[in-house]
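Here's a solo chain for you in structure tokens, the form predicted alone.
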């Protein structure tokens, strides 16, 4: 189970409310000593070990004659035995999957909804290493975990450079800069040009990213949910209707009245709360690294015996769970890209759980919908069986 991080320390006179009102998605904010001790357990060796894993999302950025070169993993086992003498940076996405202890950092940002969280990216740099000036389209908290890094930010947004692998900008004219020490945090909203350059070897920055879903993602998944909803009931699928329409004087014309009727059909679909909640919830709960389903799933009775004997169900580090209440009794539980109807109390409880114990099993196994949800999550690998201390010995 992951530990919660210390509360985020905003500058004097600031509060989460102040931040959300004046800075969130609006302007940068530098917070000194905001997360003291964040990522202190991370080592250079652990980061490089993850970078050579076949399924990790890792990049190596080197700089030669002022130009950045990108190598995309997976990397051979000996790739980091001889790192270049020129400045270099290793970037790893979704590091919370590989180092579950980093998940505790999310709790420091619980003034924001968890569904907005994207991932924890870790960058390890030699002195002078970095990725060049660039622009991101998501909110990010840049947490300095080790070493020192100089950040520059602000200024006009110029066109992208020809090499877009790192989203670099062709010109960079920053208006602000600061040297970050361990525990310092720089918040940057989307669209702000910025660049970080390591001032020492072993500089580690943890990027807590918050990505908003785009209209392409949402409409695409809405179409999937609509298709699934009416797949077995095409005869009653809502359709455009135009009873009482005016005489058409141009048979090839799509009139404004026609468009209004078609838009109303779409608005009626968006007015279905359960349907739109599914479209959003299933899309935002899709994990970057889905869990691996177990080879065998115990029956509920067998699972109950194992839990009673000291085993527990432990949540996969990359899983994403959220919930949306439909009414006083019913809710939708979103699990790794799927949705399930469950009791509203169960949904609110299980979405925040790292483990399910025997006591929790006794609380919920007699509810058919809650039991079905637990068994589905076990079957998909969202929660995996972990032996207790006696069984480990």
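Numbering follows the first chain given and starts at 1. Here the structure is a predicted model, which means the values were calculated and not measured.
Same protein, other form: the form predicted in complex with a small molecule, not shown, and the subject of what follows.
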Q.
the small molecule is absent from this chain, but in the predicted bound form, do 315, 357 and 374 each have a non-hydrogen atom within 4.5 Å of it?
A. no
Q) Which one, 131-139, 217-225, 101-109, 78-86, holds residues whose non-hydrogen atoms are within 4.5 Å of the small molecule in the predicted bound form? A) 131-139
(Q) Can you work out whether residue 121 and the small molecule are in contact in the predicted bound form, taking contact to mean some heavy atom pair no more than 4.5 Å apart? (A) yes
Q: Answer yes if any heavy atom of residue 91 is within 4.5 Å of a heavy atom of the small molecule in the predicted bound form; otherwise answer no.
A: yes
(Q) Check residue 126 for me: does it contact the small molecule in the predicted bound form (non-hydrogen atoms, 4.5 angstroms)? (A) no
(Q) So, residue 207 and the small molecule: in the predicted bound form, are they within 4.5 Å at any heavy atom pair? (A) yes
